[in-house]
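Encoded as structure tokens, the following chain is the form predicted on its own, with no partner shown.
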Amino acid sequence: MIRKTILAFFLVLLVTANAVAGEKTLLIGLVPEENIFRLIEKNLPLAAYIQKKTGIKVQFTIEPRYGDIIDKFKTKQMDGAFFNAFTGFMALSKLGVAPLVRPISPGGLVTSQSVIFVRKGSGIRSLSDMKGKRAVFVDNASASYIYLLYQLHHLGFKDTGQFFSGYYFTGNNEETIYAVLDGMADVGLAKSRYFEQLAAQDPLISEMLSVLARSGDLPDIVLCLRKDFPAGTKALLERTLLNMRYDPDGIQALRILRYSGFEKAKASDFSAMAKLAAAAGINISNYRYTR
């Protein structure tokens, strides 16, 4: 995973290597929710569009694990990041970032959910039936893992190791879903958007897997900027992203991302995530979000 991340990072450096020496390039972090090469490929047209419309060059960076984006935000001098629900909540709490925009799905949604899914025929019909089974998760800084902790908290368990016979982390949603499909685990947790997208592409997912539980709506992806980001550049970037849906070139870049547009984001967008974390018994100030 780390080797792939390094390769992907250098791929981005090559693609953005035409930046003029000394010219400021925005460094934007991406959470590795899916295959990192696909994630890079999907976002490069967005970077090209921003540069074309504003003259602002954008370079993306991906860390190996979700929580690393919090720890590396300052040391790598990132200007912003596309955070998921939980890393965004942490970034607000620990870094004081400023939410800028969030993407709109083709169906008009700006939120996603966390799902607990199992293999059909596994005999797991309730959350308590998961006890003693094998589980697979994306990352312990993913919203889906916090949703699991919330469910275990209400079942009277604080330790996943005490509840499951074994578990491991894959690093992204797609690998987690296929781990359960391939019988490597009995229980999995992932973001609903990825589960539904893969189910639409692969009939075996609908045939072999069933959703056992689903969280409430949580932020999907939110672009947040560092708190001292220049106001003029922030306004230009925001205006450009909000107007993409009205521009043929913007629509093309959005289609590759599977978005229909962007809308303004605000700190209160993370309120549902904050409530879920609190209900899971998590103290954000000392939660161990890295592995």
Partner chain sequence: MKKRLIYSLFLLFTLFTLGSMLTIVYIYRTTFSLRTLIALHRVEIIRQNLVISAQTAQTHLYTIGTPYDKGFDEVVRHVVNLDSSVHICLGCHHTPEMTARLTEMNRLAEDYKDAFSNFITTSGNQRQAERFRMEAIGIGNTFLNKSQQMAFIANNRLNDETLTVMQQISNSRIILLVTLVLSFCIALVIAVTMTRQITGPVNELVGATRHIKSGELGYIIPFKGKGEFGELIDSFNDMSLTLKDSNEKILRYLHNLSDLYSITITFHSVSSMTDIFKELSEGALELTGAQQSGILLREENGDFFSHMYPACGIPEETIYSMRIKAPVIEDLYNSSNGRALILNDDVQGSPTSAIDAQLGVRNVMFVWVGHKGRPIGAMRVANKKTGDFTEEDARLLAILGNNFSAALENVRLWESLKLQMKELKNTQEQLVQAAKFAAIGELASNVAHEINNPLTSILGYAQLMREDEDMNNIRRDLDIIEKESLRARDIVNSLLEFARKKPLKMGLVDINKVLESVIELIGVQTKDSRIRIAADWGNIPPIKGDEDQLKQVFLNLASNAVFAMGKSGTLGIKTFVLGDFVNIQVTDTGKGIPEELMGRIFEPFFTTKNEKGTGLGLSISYKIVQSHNGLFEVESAAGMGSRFTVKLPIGDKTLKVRPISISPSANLPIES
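Positions refer to the first chain, counted from 1. All figures in this text were calculated on a predicted structure; none of them were measured in a lab.
There is another form of this protein, the form predicted in complex with the partner chain, and it is not shown here; the text below is about that form.
Contact here is defined as any heavy atom lying within 4.5 Å of the partner chain in the model of the complex, and by that definition not a single one of Asp220, Ala265 and Ser268 is a contact residue.
Only one listed stretch (191-199, 170-178, 97-105, 117-125) carries heavy atoms within 4.5 Å of the partner chain in the model of the complex, and that stretch is 170-178. The partner is absent here; in the model of the complex, the one residue of Arg258, Arg245, Arg38, Lys234 having a heavy atom within 4.5 Å of the partner chain is Arg38. Note on contacts: among Lys53, Arg226, Arg65, Lys57, the single residue with a heavy atom within 4.5 Å of the partner chain in the model of the complex is Arg65.
With a 4.5 Å cutoff on heavy atoms, His153 does not count as touching the partner chain in the model of the complex; it lies far away.
Taking the partner from the other structure, the partner chain in the model of the complex has a heavy atom within 4.5 Å of a heavy atom of Thr61.
The closest heavy atom approach of Lys76 to the partner chain in the model of the complex falls within 4.5 Å. Although the partner is absent here, Leu109 is not a contact residue: none of its heavy atoms lies within 4.5 angstroms of the partner chain in the model of the complex.
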